[in-house]
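Just one chain follows, in the form predicted alone, and it is written as structure tokens.
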Amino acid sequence: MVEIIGAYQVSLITTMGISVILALSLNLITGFCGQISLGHAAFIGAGAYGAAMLTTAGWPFAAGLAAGTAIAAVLGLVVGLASLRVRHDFLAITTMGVGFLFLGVVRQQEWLGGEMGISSIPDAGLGKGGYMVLVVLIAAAIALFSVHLKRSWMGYAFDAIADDEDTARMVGVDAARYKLTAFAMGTGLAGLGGGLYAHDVKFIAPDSFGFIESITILSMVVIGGIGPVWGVIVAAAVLSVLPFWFQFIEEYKLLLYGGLLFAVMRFSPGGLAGFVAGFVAKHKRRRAAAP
């Protein structure tokens, strides 16, 4: 596989796939259920550290990845339980605090690597090309799952909670249960993406999962269009590879993302997906009005 498309392209596609997984994981929480999270990097880090520590200790790759995913999901469930009584800005602040708390813990605990992080993380034993295929398949499976979930009864319940939680409760939607479900699923998938990231780069440190990373993933969701799966996929794929294509962007990434977020909120609040949907609707109206 590497010989066919080249090592650079393999690395690029792997990065895109992991970014898509992370963006879709946040979209389940913020896009589907309307729960704002500014500490998503903490759950990514929990999965990465969990998988890295276990595989470094001799666990098989699949077992370590599954355990990291479970650790992140449990952490998300705990945060969800603690956040049931807060909404909107207060929920955002709470999740942001979780992100800072995670960084404080991993920096202070030597058994987690401290400031030096964890190095020499074993690979999956699939080769670069095989690992790329695995990441792409997982990203595709999560995308299909997201589409199916959006169209299911649970998806309708998520939509009701996102639109008006109080009204949803009045018509019989168990908002607490669905919010916890969204947190557990979204953070579990974030942990899965974190584990894949750890075994791709083979080195992780606290700075890899700071507040900036949370904002980066949130930017992908907002720019793609909060909710629609395809918009999030496109935004995550493009924004993740821009630093590869234009090296100077890496130094100005926050400025770029901030500018894009401002432009989206000002000119197209629905993001890329909303812009395309509006364009298509306008085109259909023009065709229908044409003689």
Partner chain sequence: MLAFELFMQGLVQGSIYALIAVGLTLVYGLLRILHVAHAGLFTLGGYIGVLVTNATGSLALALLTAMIAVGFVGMALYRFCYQPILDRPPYVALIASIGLFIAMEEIFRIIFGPYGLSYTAPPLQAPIILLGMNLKAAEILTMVGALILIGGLGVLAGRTRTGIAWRATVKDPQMAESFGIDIVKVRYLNFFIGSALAAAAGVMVALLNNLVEPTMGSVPSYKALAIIVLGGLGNVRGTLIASLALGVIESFGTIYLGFLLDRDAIAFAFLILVLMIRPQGLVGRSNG
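Numbering follows the first chain given and starts at 1. Note that the coordinates shown come from a computational prediction; the quantities given were computed from them, not determined experimentally.
One more form of this protein should be noted, the form predicted together with the partner chain, which is absent from this view; the next part is about it.
When the partner chain is considered in the model of the complex, only one residue from 105, 143, 74, 136 comes within 4.5 Å through any heavy atom, namely 105.
Distance criterion of 4.5 Å from any heavy atom to the partner chain in the model of the complex singles out 261 from the list 238, 70, 63, 261.
Taking the partner from elsewhere, no residue among 41, 58 and 184 has a non-hydrogen atom within 4.5 angstroms of the partner chain in the model of the complex. Taking the partner from the other structure, the partner chain in the model of the complex has a heavy atom within 4.5 Å of a heavy atom of residue 215. When contacts are judged by a 4.5 Å heavy atom cut-off, residue 126 does not count as touching the partner chain in the model of the complex. The partner chain is not shown here, but in the model of the complex it comes within 4.5 Å of a heavy atom of residue 222.
Shown alone here, residue 97 lies within 4.5 Å of the partner chain in the model of the complex, counting heavy atoms only.
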